[in-house]
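This document starts with one chain, in the form predicted on its own, laid out as structure tokens.
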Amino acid sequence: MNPKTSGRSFIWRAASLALLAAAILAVCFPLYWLLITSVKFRADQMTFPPVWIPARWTLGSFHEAFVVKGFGAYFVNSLVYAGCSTFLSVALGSLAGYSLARFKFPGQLEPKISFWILSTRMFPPVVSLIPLYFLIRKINLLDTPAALIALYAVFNLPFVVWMTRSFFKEIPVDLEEAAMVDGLTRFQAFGRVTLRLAAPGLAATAILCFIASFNEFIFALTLTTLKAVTLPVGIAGFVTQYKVMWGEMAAAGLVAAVPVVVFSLLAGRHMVKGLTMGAVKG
């Protein structure tokens, strides 16, 4: 082997490993800092230079956050709202995406409808915050789970429709026609054949919808006060007029990361395949 080629190959591998190590450090360090801050005593949380490995540990921040402050209720609220809104948006959006992918529209109407659906994601949701607030107050749904679940589902729906439309276009229509020849209705063929083949794409879409709903802050802050407070709003409540409860905030943030990580790991084997299903046809 040529010494120059061997040297370049070694340098390339070393540079790649260094970049990989830097990326892993950038991703893992915030989680590590949350962990050690959540188990530090209050006197050790703001010391300088910072304590990287605490010599003494405490679970007082977790007790303060979940037992005294009732953070567990906010955690359950976010799980329920994100789960229900994800189910609704994927269920309704997959039907709409299937219709756009399979049924014929007069003229060039289908691309226009698809682009119109996608265009609703182009403006920031905060633009609709004030009119939505007055509308929800008018129908007496302020500070209720129904309001947030419906809003999260509606704002995720265009994304689901656009994604599932691409996924269904990847699946040959001959498979559905063969199932209908065997006696299935179109809806049965959709459920038993098409949905199963599109499962990786649906899983990837559901993960992204769940994360977006679970982390949403602006609408939850504006439309809730006491009964339907979500996890991000509860964490923001640890910043008070007189102090910042760093330990409680770190403990809550650490627990808040668990559902998203677990949900992503459970559906992770579908994630990459699902995100590349509609990459060729669209």
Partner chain sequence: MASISYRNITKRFGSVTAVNNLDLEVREGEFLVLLGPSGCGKTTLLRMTAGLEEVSAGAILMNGRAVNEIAPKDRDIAMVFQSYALYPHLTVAENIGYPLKIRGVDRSAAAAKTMAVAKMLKIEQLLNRLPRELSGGQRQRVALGRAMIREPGAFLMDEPLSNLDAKLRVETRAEIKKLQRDLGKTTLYVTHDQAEAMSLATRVAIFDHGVLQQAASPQEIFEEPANQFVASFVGTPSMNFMAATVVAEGIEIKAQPKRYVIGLKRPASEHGRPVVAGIRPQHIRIGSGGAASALPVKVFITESLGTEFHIFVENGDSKIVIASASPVDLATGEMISIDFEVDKIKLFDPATGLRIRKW
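Source: prediction; values computed, not measured. Residue numbers count along the first chain shown, from 1.
Although not depicted, the form predicted together with its partner chain is the subject of the following passage.
- Taking 178, 141, 199, 84 one by one, only a single residue has any non-hydrogen atom within 4.5 Å of its partner chain in the model of the complex, and it is 178.
- Residue 185 belongs to the set of residues with a heavy atom inside 4.5 Å of its partner chain in the model of the complex.
- Although the partner is absent here, residue 192 is a contact residue: one of its heavy atoms lies within 4.5 angstroms of its partner chain in the model of the complex.
- This chain is displayed without its partner chain, yet in the model of the complex the stretch 170 to 178 from 147 to 155, 87 to 95, 170 to 178, 111 to 119 comes within 4.5 Å of it by heavy atoms.
- Taking its partner chain as it sits in the model of the complex, the stretch 99 to 128 comes within 4.5 angstroms of it through a non-hydrogen atom at just one residue, 104.
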